[in-house]
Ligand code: HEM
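Take a look at this one chain, the form predicted alone, written out in structure tokens.
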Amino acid sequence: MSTQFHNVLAPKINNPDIQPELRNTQGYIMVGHGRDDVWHALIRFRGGADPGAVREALAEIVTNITRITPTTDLVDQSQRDNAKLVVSALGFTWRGYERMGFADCAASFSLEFREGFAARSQDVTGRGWETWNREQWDPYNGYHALLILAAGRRVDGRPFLGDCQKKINDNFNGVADVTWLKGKLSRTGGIPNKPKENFGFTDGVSQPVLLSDKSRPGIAVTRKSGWVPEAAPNLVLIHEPIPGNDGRAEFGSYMAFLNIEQHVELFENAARGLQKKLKLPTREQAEALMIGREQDGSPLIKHMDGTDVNDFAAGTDESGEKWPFACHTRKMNSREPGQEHHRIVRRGVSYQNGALRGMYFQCFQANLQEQFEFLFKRWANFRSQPKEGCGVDPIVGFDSNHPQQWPVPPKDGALRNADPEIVSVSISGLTTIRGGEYFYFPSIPFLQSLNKQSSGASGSAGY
């Protein structure tokens, strides 16, 4: 049944044949946890710690302190509505696998994962380590594991998480050091249950649908464009490299985790500059052009009458007057056929620490090079994606020497689809990468067998 689950477009949640796969796969990969308070434990195993002791400490967390949440829980509505349920997920860096005693399994994991984000940051994002928060992220001495805890659904989840935090800190005493990063999801955007990020826009609007729920109205019925929300789970899942049982129903996923600071004042100033150049009535209109959506998540191309907010196509705005070629969403989420395999599953969490605001950006994928790295290197930082000379992404791109090309929107609101007037405006520096890492989130059977594993376990690459 693994093949059916892995390759079928958005398999049905209630299909009894895929329940083993759903039970064995970490739920945070497949479904957003729906919680409001999210704490991240960045774990660094101490030098000289015995691999067996490391695995034993991790096994204690998995079996006794917090239960790693399977997909079956997050697709169960009664569980999702339980505000006291702490949703947990656990992943490791390649250094972490080495410290746990799995150095002989290197060939089972991708090169990008083994090298780590710090080693690849300059090439992928165009930014080095000079802006990293070295107290939080040491590029020379990276972390070994990431434990994510989420709780609270329209209530304060911090009491539940605080209890887990104390137990986790005590459990790792003498074995590992833990750095806690705390985030908060604000659900005041325009789309129900969708979070709002620090620039004021609804986040996570355009996500691949990995599992289908028969109780929802069929999206395909109301679809008016070429947008295809559904994806097969193999967009994010690989066969587990180090199986905990027979491996037939075990999958995991690679995560890219970045601390991205958002400079809200610079964002607003940039919007004012663009507003002036394009002679727009309000700053908010310029902000929407930079992002590529309205603040409430609705698309800038409004002539489509489908019910899906992603139900619009690039071909309906060939001039870029309504949906600028340089805007964040058009740069990073192409609607062109044949590009679907570059999509990622985003799990971002906003944070605010005094005057500092930002995003703990997280995304899952089956192939780091063809998904996360491709989006940053080939799309965000490529001046001619999706149109020759349009410029880099104004939000996460890195190139202040080449201004973006912004078509002047028609005053009457109509689409001309002809050569519009173009204004050159350089927008950059709105975000800063403060650190990051690549993690692999393994199957639940692997985690449950940690205290039984021994070094030199074997597996197959499968990614």
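Remember, it's a predicted structure, so these values are computed and weren't measured experimentally. In case it trips you up, residue 1 is the first one in the sequence shown, and so on.
In what follows, reference is made to the form predicted together with protoporphyrin IX containing FE (HEM), a form of this protein that is not presented.
Peer 1: Considering non-hydrogen atoms and a 4.5 Å limit, which listed residue (335, 322, 239, 153) is close to protoporphyrin IX containing FE (HEM) in the predicted bound form?
Peer 2: The residue in contact is 335.
Peer 1: Please identify the residue among 199, 160, 109, 132 with any heavy atom within 4.5 Å of protoporphyrin IX containing FE (HEM) in the predicted bound form.
Peer 2: Selected option: 199.
Peer 1: Report whether the minimum heavy atom distance between residue 375 and protoporphyrin IX containing FE (HEM) in the predicted bound form is within 4.5 Å.
Peer 2: It does: once protoporphyrin IX containing FE (HEM) is placed as it appears in the predicted bound form, residue 375 has a heavy atom within 4.5 Å of it.
Peer 1: Is there a non-hydrogen atom of residue 270 within 4.5 angstroms of a non-hydrogen atom of protoporphyrin IX containing FE (HEM) in the predicted bound form?
Peer 2: Result no; residue 270 lies far from protoporphyrin IX containing FE (HEM) in the predicted bound form.
Peer 1: Is there any non-hydrogen atom of residue 205 lying within 4.5 Å of protoporphyrin IX containing FE (HEM) in the predicted bound form?
Peer 2: So residue 205 counts as contacting protoporphyrin IX containing FE (HEM).
Peer 1: Please check if residue 262 has a heavy atom lying within 4.5 Å of any heavy atom of protoporphyrin IX containing FE (HEM) in the predicted bound form.
Peer 2: Residue 262: contacts protoporphyrin IX containing FE (HEM) in the predicted bound form.
Peer 1: Within 4.5 Å of protoporphyrin IX containing FE (HEM) in the predicted bound form: all of 390, 398 and 428, by heavy atom?
Peer 2: Per the other structure, none of 390, 398 and 428 touch protoporphyrin IX containing FE (HEM).
Peer 1: Heavy atoms, 4.5 Å, protoporphyrin IX containing FE (HEM) in the predicted bound form: which of 340-348, 78-86, 179-187, 280-288 makes the cut? Say which one.
Peer 2: Every other range fails; the passing one is 340-348.
Peer 1: Using a 4.5 Å cut-off on any heavy atom, which residues of 348-374 would contact protoporphyrin IX containing FE (HEM) in the predicted bound form?
Peer 2: Residues within 4.5 Å: 359, 361, 372.
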